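As a starting point, one isolated chain is supplied in structure tokens, in the form predicted alone.
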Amino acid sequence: MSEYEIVETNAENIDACSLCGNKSANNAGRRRKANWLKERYAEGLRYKVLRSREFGDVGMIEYAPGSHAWRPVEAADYLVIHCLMVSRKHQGKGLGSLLLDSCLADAKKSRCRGVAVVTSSDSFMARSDLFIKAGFVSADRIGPYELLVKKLKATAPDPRFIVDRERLCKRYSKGLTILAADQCTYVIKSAERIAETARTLGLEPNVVRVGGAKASRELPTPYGVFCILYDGKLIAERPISATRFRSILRTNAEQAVRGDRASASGPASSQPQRPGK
């Protein structure tokens, strides 16, 4: 592995690093992610870049103490991994394990209870394979999202999801609301694209920036840093394309029409029976 090194980032060197595979200083998502990181270092967040001598930055891992994790999990005294990525051209070389081992070493050094991570069979999140191979086990599950853990203290309580589907749905019960955090460069781009699409459909979106770890843990999805609500209903719990967004709105409109028709027809009326003689 001498060709590769893991670079610990900080507020001074982060602007020179690739962020989640994005190297363009002109990219708005990358700039906002860099600023987000600068605000998080003081909270104990770690962002490490995997650097190749020949190819530059080819991977990364990001994690934070459970009390400052941007995932809706209860994981006190654990480290929680937000992201782990290795570029496609460099996969199959054990580099993901190299990054994961670095996080586990930090957990041991800090005397944490262990390390937790939210995985998914869906897109935009790490799959479980690498973590299962490293000895992680399932602690909780919601739909395609699975919370995995590797304990360093056998008697430690399991981390768990704390997803509340009702609170924000009630708060944003009218219109279209997009909640997005600067934690992910792709989330920022998706939020902008959905907002633009909504306006072409005559909807004025309420775009809410998720400003802190506590607010992130209140989102009604294990994804933790993005969701779309429409009239108090969760219609997307991860970044989606404009085409998918249009399809969801169309389906919701059709369901509403069918519901209105059913309500209008009502139950079949019945005449009162005449009493027998």
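Note that residue numbering begins at 1 and tracks the sequence as displayed. Given the structure is predicted, the values throughout are model-derived calculations rather than measurements.
Below, we refer to the form predicted together with a small molecule, which is not included among the displayed structures.
Participant: Answer with yes or no whether Cys103 is in contact with the small molecule in the model of the complex, where contact means some heavy atom within 4.5 Å.
Facilitator: Heavy-atom contact with the small molecule at 4.5 Å: absent for Cys103.
Participant: Contact with the small molecule in the model of the complex for Ile142, defined as at least one heavy atom pair within 4.5 Å: yes or no?
Facilitator: Output for Ile142 is no: heavy atoms all beyond 4.5 Å of the small molecule.
Participant: Taking the small molecule as it sits in the model of the complex, is Gly96 in contact with it (heavy atom to heavy atom, 4.5 Å or less)?
Facilitator: Yes - in the model of the complex, heavy atoms of Gly96 and the small molecule come within 4.5 Å of each other.
Participant: In the model of the complex, is there a heavy atom of the small molecule that lies within 4.5 Å of any heavy atom of Cys83, even though the partner is absent here?
Facilitator: Cys83: contacts the small molecule in the model of the complex.
Participant: Given that the partner is absent here, state which listed stretch (84-92, 107-115, 187-195, 156-164) has heavy atoms within 4.5 Å of the small molecule in the model of the complex.
Facilitator: Checking each option against the 4.5 Å cut-off leaves 84-92.
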